[in-house]
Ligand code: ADE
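The form predicted alone is given below as one chain in structure tokens.
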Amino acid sequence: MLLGAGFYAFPLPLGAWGRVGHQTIAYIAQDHLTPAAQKAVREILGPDQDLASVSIWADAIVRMRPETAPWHFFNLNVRQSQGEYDIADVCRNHDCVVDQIEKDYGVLAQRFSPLREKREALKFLVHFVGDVHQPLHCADDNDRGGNEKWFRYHGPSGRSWHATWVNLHGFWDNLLEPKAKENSRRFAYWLEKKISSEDKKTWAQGKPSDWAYESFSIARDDIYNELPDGPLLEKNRWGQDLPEDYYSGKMRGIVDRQLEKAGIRLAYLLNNLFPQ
């Protein structure tokens, strides 16, 4: 199934993974918290909320708090030779997802931070760990992270009258949830079955800039690699439509893996914050 054409009518600069994706990440993380971390999360959020229920809060407040908009991403150019150290150059004044993850982690690590500040920091942290695993939130081709690169998608049927115009970023944000039919709790269980002990060991390490550069590399090598340079504002005329299997093939595999990593790494951060 496809998302409706109307859904794709406008660029979506935020909202990585959509509601289902962020909740799925949160559920995976919850399932891998230590008892001490579970207890701390309950004390911070209160009895009526959990990681999943607050996972899209950071998107919901952007219009009321526009200063938070840059905190969801950074723009590292995929057409230039870039290393992890270059992230700092595009993350001025701490207005990017990497620095905000570290900031929120620091607030939560302070023993005497006010509960109100800890609650907000945790809600941001849950969301931003998800965002940093969305490749198009960590890369740019002078196209606003894919928001200005348009193409036609025919869907699995391949019939031209089913084609709809989509922008790359908006499509990727919602690649995993056609018409939001996927249940995030069940989807998290399904993904967790595919996570091996070795995966957990490999992923539960490193720092936010490592994860961000990994996402950038995926965008550079797997997403932008076969696309023309720069913005395509006049709904593409380069004669290359999105492949029919884009949703079900390689890209969906990348999506699933990134969600799994994000869930394990969110749990890793929280377990380190609130040790036994």
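Position 1 is the first residue in the sequence shown; the rest follow in order. Model, not experiment: these values are computed from the prediction.
FYI, the form predicted together with adenine isn't displayed, but the following is about it.
When adenine is considered in the predicted bound form, H133 lies well away from it, no heavy atom lying within 4.5 Å. Taking non-hydrogen atoms only, S184 never approaches adenine to within 4.5 angstroms in the predicted bound form. Adenine in the predicted bound form is approached by H137, whose closest heavy atom lies within 4.5 angstroms of it. With a 4.5 Å cutoff on heavy atoms, H169 counts as touching adenine in the predicted bound form. A heavy atom within 4.5 Å of adenine in the predicted bound form is found for one listed residue only; from K200, K103, R152, R144, this is R144. Segments offered: 117-125, 103-111, 144-152, 90-98. Contacting adenine in the predicted bound form at heavy atom distances within 4.5 Å is 144-152.
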